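Read the single chain below, which is given as structure tokens and is the form predicted alone.
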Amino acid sequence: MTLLDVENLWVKFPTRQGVFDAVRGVSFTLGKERLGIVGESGSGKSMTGRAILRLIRPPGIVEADHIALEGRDLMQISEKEMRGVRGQQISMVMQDPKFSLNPVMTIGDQLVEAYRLAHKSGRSNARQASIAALESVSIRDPERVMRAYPHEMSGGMGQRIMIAMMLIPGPQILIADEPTSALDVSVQRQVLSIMDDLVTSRGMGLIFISHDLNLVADFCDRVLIMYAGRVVEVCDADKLHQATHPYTRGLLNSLPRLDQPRGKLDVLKRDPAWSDAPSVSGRA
């Protein structure tokens, strides 16, 4: 079942030197799966996620043949209708999500506000649902966390709280923009396990944006590799280490591997032709 269908997506920014294309002709579909988008900083990963939710503000320009959520083209609806999609049907966990929380409100107040906005319920029901949401992301003593402020939480706790908040409306799709980049390895695995359980149990689609190829290979089902705003290769995550594009090979060879120790890692050599090649379709 296809939840999201993106066709020929472009994100452009006017500059004094001309128009800069941050995302160039990206196409892919998302089903009830974990889709990874990987690439270097500046490759267009985060811009792709933001463009899906129409979070690119002027003078940025988003163009696409369509961005269809279960057949409904998000490019054709009004901003008011789009506000009903954001959070309700598609949620996004930003980079460093802890800093997306309001520092002068308790975590409980923010969760309750998010629940009441999504479900139009009373405060008592919203509080109980917020506590259940914290428990669903493996937070111990949720009552204490509800009373706390964001600065009192560790990085891993902040990540979990934001994931809980994004899942409160029951979205069909979760876009996670490098949600584990600021965490140590053990906490990374805990957060990924929580996201995996939630996606599996709720039948959601997940777009997992990262620069960590090994992490994506272990966690995702399919992978889009982006370079200079284009998708240069698409492959199954469990076959990522068999990728054939020279850019993907260069990224893989620049990473250390325990099963293939080497004295010296490769330096990625870029070919200008990669930027001009047509974008590869990521349709399943």
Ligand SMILES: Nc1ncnc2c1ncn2[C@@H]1O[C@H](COP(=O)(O)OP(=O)(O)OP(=O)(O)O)[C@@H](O)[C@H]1O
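Here the structure is a predicted model, which is why all the values come from computation and not from measurement. Residues carry their position along the shown sequence, with the first being 1.
Separately, the form predicted in complex with the named molecule exists; it is not shown, and the next lines address it.
#### Entry: One stretch from 46 to 54, 235 to 243, 24 to 32, 64 to 72 that, in the model of the complex, holds residues within 4.5 Å of the named molecule by heavy atom
Result of the contact check: 46 to 54.
### Close approach of Gly250 to the named molecule in the model of the complex, 4.5 Å, heavy atom
No.
### Query
At the 4.5 Å heavy atom threshold, is Glu40 in contact with the named molecule in the model of the complex?
Close contact exists here: in the model of the complex, Glu40 approaches the named molecule to within 4.5 Å, heavy atoms only.
### Message
How about Trp10 - does it come within 4.5 Å of the named molecule in the model of the complex, if we only consider non-hydrogen atoms?
### Response
Looking in the model of the complex, residue contacts with the named molecule do not include Trp10, since no heavy atom lies within 4.5 Å.
### Query
Is there any non-hydrogen atom of Ser138 lying within 4.5 Å of the named molecule in the model of the complex?
No, Ser138 stays farther than 4.5 Å from the named molecule in the model of the complex.
#### Entry: in the model of the complex, the residue from Gln128, Gln88, Gln95, Thr106 that sits within 4.5 Å of the named molecule by heavy atoms
Of the listed residues, the single hit is Gln95.
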